[in-house]
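Okay, so here's just one chain, in structure tokens, the form predicted alone.
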Amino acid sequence: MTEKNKIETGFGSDAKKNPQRIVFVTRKTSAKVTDDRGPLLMTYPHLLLREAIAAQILTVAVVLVALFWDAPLEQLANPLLTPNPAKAPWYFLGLQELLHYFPPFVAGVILPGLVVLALIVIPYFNVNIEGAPIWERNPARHFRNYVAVIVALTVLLAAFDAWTVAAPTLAIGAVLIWSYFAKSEASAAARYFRSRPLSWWLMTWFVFVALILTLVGTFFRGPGWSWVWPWRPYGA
């Protein structure tokens, strides 16, 4: 009778879906799930002590920086005397750089809204679960589609003279096209780029564009948001 009611649990065999655990409970049995756990550590002292040491090191580093370098503070804000250029904080300089090329509604509402909408929608779809390399399936058709998207995006950016966005777009597109023609056995770089999935290319493009926009807005924009070289100061 004991052997008859001995039912073990297990995981589903479909790797593309979330694993599901099924437990059968009868009147004479109870649910019991066993698993193999790795080594466990207590939060105190193993974690908290390390966090306290890291916080102290960071505090000492910040104090040393404050002692040897002055903070770039200016006079009290005067609404009658605005600085030129009036720059946003560094984390908004990418958007401010986009405002230089596109209308305010496009750069300030549509583009950030699309990013936020993508962050909301993507988790509800099984996007690229397998992480397959970009040229693994139907490479010729995908190559034509990607080239068409790169050309269309470049033409659109060129129409608005948004070269700070077009330049990283062309750079990522050039590497993408090179990875299509390069052989896997040609070099380690070719093997690496050919094994990257589409999601990796999109995220790399997004990070690269955001980094370029922030750097240009921080170091290369002067009075009237004109282009200046960082080694030639424009203010005195």
Partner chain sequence: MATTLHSLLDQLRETRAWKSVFRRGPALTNRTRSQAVFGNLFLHWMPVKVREKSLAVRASYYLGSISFLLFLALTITGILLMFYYHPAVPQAYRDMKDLRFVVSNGVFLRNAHRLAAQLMVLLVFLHMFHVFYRGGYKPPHEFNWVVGVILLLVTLFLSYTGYLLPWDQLAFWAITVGTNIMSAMPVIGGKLRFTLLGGNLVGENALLRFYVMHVVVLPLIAFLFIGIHFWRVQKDGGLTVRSKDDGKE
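For clarity, a rigid core is taken as the largest C-alpha set superposing within 1.5 Å between two forms. Positions refer to the first chain, counted from 1. Quick caveat, the model's predicted, so the values are computed rather than measured.
What follows is about the form predicted together with its partner chain, which we do not show.
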Checklist entry - Could you tell me if Gln96 has a non-hydrogen atom within 4.5 Å of its partner chain in the predicted complex? => result yes
Checklist entry - Can any non-hydrogen atom of Val147 be found within 4.5 angstroms of its partner chain in the predicted complex? => result no
Checklist entry - So, in the predicted complex, is Lys183 in contact with its partner chain at a 4.5 angstroms heavy atom limit? => result no
Next on the checklist: in the predicted complex, is there a heavy atom of its partner chain that lies within 4.5 Å of any heavy atom of Leu156, even though the partner is absent here?
Outcome noted: no
Next on the checklist: I need the one stretch from 85-93, 162-170, 148-156, 134-142 whose residues put non-hydrogen atoms within 4.5 angstroms of its partner chain in the predicted complex.
Outcome noted: 85-93
Checklist entry - Which of the residues spanning 98-125 lie within 4.5 Å of its partner chain in the predicted complex, based on heavy atoms? => result Leu99, Pro104, Phe105, Gly108, Val109, Val116, Leu119, Ile120, Ile122, Pro123, Tyr124
Checklist entry - When the two forms are laid on each other by their rigid core, does Tyr44 show a Cα shift of 2 Å or more between this form and the one not shown? => result yes
Item to check | Core superposition between this form and the one not shown, C-alpha change of Leu119 at least 2 Å | outcome: yes
